[in-house]
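First, one chain by itself in structure tokens, the form predicted on its own.
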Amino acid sequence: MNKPTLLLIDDEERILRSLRMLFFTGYNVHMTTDPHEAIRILRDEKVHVIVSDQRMPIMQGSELLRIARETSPSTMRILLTGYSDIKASIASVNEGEVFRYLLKPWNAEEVKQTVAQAAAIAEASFALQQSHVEIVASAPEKKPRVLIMDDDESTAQAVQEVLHDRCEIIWASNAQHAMEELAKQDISVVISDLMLGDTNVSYILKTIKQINPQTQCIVVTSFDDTSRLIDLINQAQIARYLSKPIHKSMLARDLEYLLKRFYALSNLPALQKSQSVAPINDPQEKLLSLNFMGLLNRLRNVTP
């Protein structure tokens, strides 16, 4: 059986050598301190997983991963960095669409497990490419449903102006209403602030991806909380992180793209593994998530 190929990029040689020690027996490992060399490798070879640092003198890791996404979409992208910078974190979501955001100093077992999971997902995605399966992104007969979780009416107005009557738009201004809507019907895209009143709804976003990996989640918020964003990348696979006030042209572009991705994931369930999330690690959020799942099951059992 062929080994998966792993590409490591960091401007420090010692970091690359340390990482290579974790993977040299099970992977074909490429290492480079030059992002341009990394791009050449991506163009010339089938790379299953790329692991990049963020702060590098030639090119930022989030920019490199954006190019990697465009060059080799089936390659799974991981940012491994010592800097939890909010701009870099946002760029890793919006531009690089990273699978995981990991921090240095790393936990060896966590990194190995994450890379192994990413490699298996990439292998399945490459196999689909080789079998010439067409990734269909055609819209279903019914209108896609877009759920807005925000107590700010201007968010609902902006989404309505962007989508018009293309989608069924549901506005939930409190957490209870949002959970009831999620129980009643499948949702294509969720557009959510991080807070609904006094309720932190991060656990709802994380639970959604556990149940419906094809659902695309956009966070629209005025909060700049890097640690919370990193958790949402890893545990909720959020698709976009946008700041308020909303730029309608940017929202329109992202919604168009994410609706197509929702259709593609719905039509090809094998691709849904790329949306796999890490377990919720906060004990309180884990309990809230379990309670939410129980509520969903109860409501779905009584909903016609």
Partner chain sequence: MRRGHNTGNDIASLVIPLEPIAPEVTLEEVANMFLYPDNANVLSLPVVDNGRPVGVISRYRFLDIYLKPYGRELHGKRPISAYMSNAPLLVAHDQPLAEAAQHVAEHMRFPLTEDFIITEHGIYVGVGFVVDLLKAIEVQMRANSDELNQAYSRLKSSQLALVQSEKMASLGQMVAGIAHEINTPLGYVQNNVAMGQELFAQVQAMIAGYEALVDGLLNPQADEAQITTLMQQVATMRADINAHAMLGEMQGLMTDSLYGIGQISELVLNLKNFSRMDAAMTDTVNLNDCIESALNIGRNVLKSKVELIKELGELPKITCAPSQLNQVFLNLFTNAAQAMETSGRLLIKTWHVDGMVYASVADTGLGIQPENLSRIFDPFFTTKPVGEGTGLGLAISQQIIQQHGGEIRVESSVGAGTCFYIRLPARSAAGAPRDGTTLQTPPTVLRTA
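Numbering follows the first chain given and starts at 1. This is a predicted model, so every value here is computed, not measured.
Just so it is clear, the following notes concern the form predicted together with its partner chain, a form of the same protein that is not shown.
**Q** Heavy atoms within 4.5 Å of its partner chain in the predicted bound form: which of the stretches 231-239, 260-268, 50-58, 246-254 has them?
**A** Going by heavy atoms within 4.5 Å, the stretch is 50-58.
**Q** Look up in the predicted bound form whether K87 has a non-hydrogen atom within 4.5 angstroms of its partner chain, and give yes or no.
**A** Contact check for K87: yes, within 4.5 Å of its partner chain in the predicted bound form.
**Q** With the cut-off set at 4.5 Å between non-hydrogen atoms, does K104 touch its partner chain in the predicted bound form?
**A** Output for K104 is yes: heavy atoms within 4.5 Å of its partner chain.
**Q** Could you confirm whether M293 comes within 4.5 Å of its partner chain in the predicted bound form, counting heavy atoms only?
**A** Contact check for M293: no, nothing within 4.5 Å of its partner chain in the predicted bound form.
**Q** In the predicted bound form, is there a heavy atom of its partner chain that lies within 4.5 Å of any heavy atom of H177, even though the partner is absent here?
**A** Judged by the heavy-atom cut-off of 4.5 Å, H177 is well away from its partner chain in the predicted bound form.
**Q** Assess the spot marked by R145, K184 and I187: is its partner chain within 4.5 Å of a heavy atom from every one of these residues in the predicted bound form?
**A** The answer is no: none of the three residues contacts the partner (heavy atom, 4.5 Å cut-off).
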